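In the block that follows, a single chain appears as structure tokens, in the form predicted alone.
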Amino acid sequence: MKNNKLITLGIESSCDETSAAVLLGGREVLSDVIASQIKVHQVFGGVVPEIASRHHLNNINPVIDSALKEAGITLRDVDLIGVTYGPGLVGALLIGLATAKSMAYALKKPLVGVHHIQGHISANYIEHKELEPPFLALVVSGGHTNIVNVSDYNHFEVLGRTRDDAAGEAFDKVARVLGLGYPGGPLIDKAAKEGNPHAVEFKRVFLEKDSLDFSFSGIKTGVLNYLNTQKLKGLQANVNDTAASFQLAVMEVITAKTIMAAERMNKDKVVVAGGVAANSLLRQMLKEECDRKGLALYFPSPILCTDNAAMIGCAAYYKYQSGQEDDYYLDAYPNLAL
């Protein structure tokens, strides 16, 4: 085991958040600075890759400076640099990667590339200091919906994945057709609290028997067809009811498959990560089911559900502790598999 009091600088730029964080010993966050681009992309109803890259370029150095200042250290105090190298938007990834590589080279410090999904899972180590593998992880975000068997800090087996839209992507698209805006996840969650979740019975898609994969394109189409049918009838669809009904249908499938996977893999701990992990209904339904089945359930706080560099620094720390280190040929992989 290497030095467990390493100071890690984490850098994250995979989508529309530019973030830098400083961690001590992998789990103690000294700073976590996030420059969000949500307002920039709201007018377009989603992230525009070219615009995201330009804002990363403008934000990356000030964000790193702020993280170092907040942590009360200088670059010379950093022992290790961790950076997201995939998956994500290739232009966005390259900004963070180029910055991390140049710093590692100039400072002669170790460089560790981090898979974005491993970072999301690692957010729970920061939130729950007692948490250790093995466990089952559910990763739900704008780009991913995966059920993962985590056997140790650096070994993952994907048991189920989305075959089309990720859950967060479906939320964004449905929010758009409902006129709620962007980002869709929190807006649908808010609208659903004022609606009847049984007003419209959208089809739950479970795929083949015993499959742990997901498919959300059908329910997205179902919402669109329902809205069009109501319009043809001269009726105005209730936005809150539609949002609540859509959300319930999605979360019932996610919850059922997560519990099925935990029982199949004989896991007693379920860890949830990713932007959609902040959804209030998902948290409620999984807690009820895990309590009923006697499973321990772990969620990160909402700020650690979003893209952030603290989770990247944590993942980099555990990779480095196991002897993994990258060279300056480390490249960006927008479709990187876990």
Partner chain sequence: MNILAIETTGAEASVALINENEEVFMEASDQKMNHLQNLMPMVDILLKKRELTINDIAYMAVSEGPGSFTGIRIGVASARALAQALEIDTISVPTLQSFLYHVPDYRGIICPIFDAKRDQVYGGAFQWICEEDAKETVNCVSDRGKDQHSYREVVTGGAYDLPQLLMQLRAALLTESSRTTASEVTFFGDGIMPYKKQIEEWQKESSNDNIRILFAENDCRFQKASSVARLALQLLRDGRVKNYNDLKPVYMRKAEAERRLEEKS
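Just so it is clear, the structure is predicted and the values come from calculations on it, not from any experiment. Residue numbers count along the first chain shown, from 1.
The same protein has a further form, the form predicted in complex with its partner chain, not shown here; the description that follows concerns it.
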(Q) Counting only non-hydrogen atoms and a 4.5 Å threshold, tell me whether 54, 108 and 331 all contact its partner chain in the predicted complex. (A) yes
Q) Is the gap between residue 149 and its partner chain in the predicted complex 4.5 Å or less for some heavy atom pair? A) no
Q) Any of the heavy atoms of residue 173 lying within 4.5 Å of its partner chain in the predicted complex? A) no
Q.
in the predicted complex, does residue 284 come within 4.5 Å of its partner chain, counting heavy atoms only?
A. no
(Q) Please determine whether residue 302 contacts its partner chain in the predicted complex, using a 4.5 Å cut-off between heavy atoms. (A) no
Q.
Based on heavy atom distances of 4.5 Å or less, which listed stretch (223-231, 140-148, 99-107, 162-170) is in contact with its partner chain in the predicted complex?
A. 99-107
Q: Work out which of 200, 95, 239, 262 lies within 4.5 Å of its partner chain in the predicted complex, going by heavy atoms.
A: 95
Q | Position in contact with its partner chain when the complex is considered in the predicted complex, options 207, 177, 75, 158, heavy atoms within 4.5 Å | A | 75
(Q) Need the contact residues for 42-81: heavy atom within 4.5 Å of its partner chain in the predicted complex, sequence order, or none if there are none. (A) 43, 44, 48, 50, 51, 53, 54, 57, 58, 61, 62, 64, 65, 75, 76
